[in-house]
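A lone chain, given as structure tokens: the form predicted on its own.
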């Protein structure tokens, strides 16, 4: 008996925004996935030393609020519960162990694809998942000279609406009192206000 088709959309989600949800719902629809997990990083290895990251519990609360009532989307705390630095290879291995019959789809943005070679234990990830690359209309997914970038991967491409939303800009908006409406889901905005997030200098 075939298992579930599960999407994995990992991120810092600092904060989560409508672009994340747009990617998740479109991938779920286009690939007929049973669910998409928004996996909240505990300590994102790409951002260590780059800037202060909001505590994981706060970021998880934002994602939980954002996906509430969204069919087929779920917040995942597995990387937070595992602790330490978050690596996709560990998350994929944990999902495989928990649901060995599931088919896994790793969702990334087209901007992330050129950096895949820097990932830890990349071959493990490549064997375990179908790579789903989301891109905006008219975006070149693979630049000239990078055609071998996805060699060996099972790949799918999903075009999503062009929403230019930056978490950096959202944090600055909160700090300067500008509105988040229609950029961040209303329930997540309430969590930002309740927890007084992003008020300090960014």
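Here the structure is a predicted model, which means the values were calculated and not measured. Numbering follows the first chain given and starts at 1.
Omitted here: the form predicted in complex with ligand ATP. The next part is about that form.
Of the candidates 134, 56, 174, 65, 134 is the one whose heavy atoms come within 4.5 Å of ligand ATP in the predicted bound form; the others do not. In the predicted bound form, no residue of the candidate spot (31, 153 and 156) has a heavy atom lying within 4.5 Å of ligand ATP. Just one listed stretch, out of 84 to 92, 109 to 117, 70 to 78, 123 to 131, contacts ligand ATP in the predicted bound form at the 4.5 Å heavy atom level, and that stretch is 109 to 117. By the criterion of a heavy atom within 4.5 Å, residue 167 is counted among the residues contacting ligand ATP in the predicted bound form. Contact annotation for residue 163: at least one heavy atom lies within 4.5 Å of ligand ATP in the predicted bound form.
Although the partner is absent here, residue 9 lies within 4.5 Å of ligand ATP in the predicted bound form, judged by heavy atoms.
A residue is said to contact a partner when one of its heavy atoms sits within 4.5 Å of a partner heavy atom; residue 19 meets this definition for ligand ATP in the predicted bound form.
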